[in-house]
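Single chain ahead, written as structure tokens, the form predicted on its own.
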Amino acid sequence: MSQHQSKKRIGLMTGGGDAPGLNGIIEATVCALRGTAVELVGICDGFEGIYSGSTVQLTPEGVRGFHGAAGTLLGTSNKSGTRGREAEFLKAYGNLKLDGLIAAGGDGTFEGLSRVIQGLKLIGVPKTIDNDLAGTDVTFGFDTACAVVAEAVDALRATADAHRRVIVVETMGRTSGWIALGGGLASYADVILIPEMPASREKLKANILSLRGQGRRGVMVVVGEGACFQGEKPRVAFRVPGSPQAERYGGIAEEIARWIEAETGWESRHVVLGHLQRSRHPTTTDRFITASMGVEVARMVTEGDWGKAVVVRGGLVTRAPLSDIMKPARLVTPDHRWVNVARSLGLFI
């Protein structure tokens, strides 16, 4: 048997929303598998690439230097899954003639894979800027997203002070507040509002008026897109039919800015950071994480250690059962150390 024939064909896909560091995972895995009996096949556009059979060959020469770029060179999609299409997925996957699959994705990707996982050789790489996946202490892309928020708040504070305004900055995160908390804390935002801890309108109003009474020229508010006030529901901006996460949140920053101005008389503006949180080049922290994860994934492939995920625990990249990252979302708790630090700094949360 020739060397080409003896090589194992392993697929690599990126699914769900893009996250800074995905290209780092791809480049590190490809480079760490160089010289081995493994042929890496890149699957284009997540699940859609499996259904359509769209693939590319991944070689060290073809991926060199991509680790510093945002996005994913394979493309991705959060508009399709496997619900109701299980048989179609398995047939399409079989047509690719793969000996195993590496999947970098978030809860939507792994929810979809959980429906067809029986009989598949799968290695999971948890990915989301929201940092809310179970089974891992942190997800790559989160540090970069927090950096975008912190840099934006730092910059906007200057114009808030110049014009005597309250500026409300809306972050991503869906039902979790990790980005708002991390970015808000890093930038010492005056107010941090997260989905897990609905705030009292009256207490927030009192806090804003107190800051004004202290002679503050401007105030910075950071709010997660899925946050709401006590007794209220999150704002759904629109829906994407067929998506594993059909409801898309948004609009809370504008609502809060108008409410603050109406209730306090303090001129207010809002800024939605949106996809800027995804599109920044990865921080060095995220590059370290993805480099280590890619190397570990390569080891798992060569050892045939399937049915596991590569995760971060206790500051180390390690392996865990796939089921660990398919559990309910990991959310911010009211007693989390970052919440306590924010309160110690005098921030409203």
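Residue positions are given as counts along the sequence shown, with the first one as 1. Small disclaimer: the values here were computed from a predicted structure and weren't measured.
FYI, the form predicted together with 6-O-phosphono-beta-D-fructofuranose isn't displayed, but the following is about it.
S.K.: So in the predicted bound form, does any heavy atom of residue 153 sit within 4.5 Å of 6-O-phosphono-beta-D-fructofuranose?
M.R.: No, no contact at 4.5 Å.
S.K.: Applying a 4.5 Å heavy atom distance criterion, does residue 129 contact 6-O-phosphono-beta-D-fructofuranose in the predicted bound form?
M.R.: Yes, residue 129 lies within 4.5 Å of 6-O-phosphono-beta-D-fructofuranose in the predicted bound form.
S.K.: Although the partner isn't part of this model, could you tell me whether residue 275 comes within 4.5 Å of 6-O-phosphono-beta-D-fructofuranose in the predicted bound form, counting any heavy atom of the residue?
M.R.: Result yes; residue 275 sits at the interface with 6-O-phosphono-beta-D-fructofuranose in the predicted bound form.
S.K.: How about residue 174 - does it come within 4.5 Å of 6-O-phosphono-beta-D-fructofuranose in the predicted bound form, if we only consider non-hydrogen atoms?
M.R.: Answer yes; at least one heavy atom of residue 174 falls within 4.5 Å of 6-O-phosphono-beta-D-fructofuranose in the predicted bound form.
S.K.: Okay, which stretch from 96-104, 129-137, 209-217, 113-121 lines 6-O-phosphono-beta-D-fructofuranose in the predicted bound form, with non-hydrogen atoms inside 4.5 Å?
M.R.: Among the candidates, contact is made by 129-137.
S.K.: Which residue among 205, 258, 164, 248 has a heavy atom within 4.5 angstroms of 6-O-phosphono-beta-D-fructofuranose in the predicted bound form?
M.R.: Looking at 205, 258, 164, 248 one by one, just 248 meets the 4.5 Å heavy-atom criterion.
S.K.: Just to confirm, with a 4.5 Å cut-off on non-hydrogen atoms, which of 187, 78, 264, 82 contacts 6-O-phosphono-beta-D-fructofuranose in the predicted bound form?
M.R.: For this set of options, the contacting one is 78.
S.K.: Pick out the residues of 217-234 whose heavy atoms come within 4.5 Å of 6-O-phosphono-beta-D-fructofuranose in the predicted bound form.
M.R.: Contacts from 217-234: just 225.
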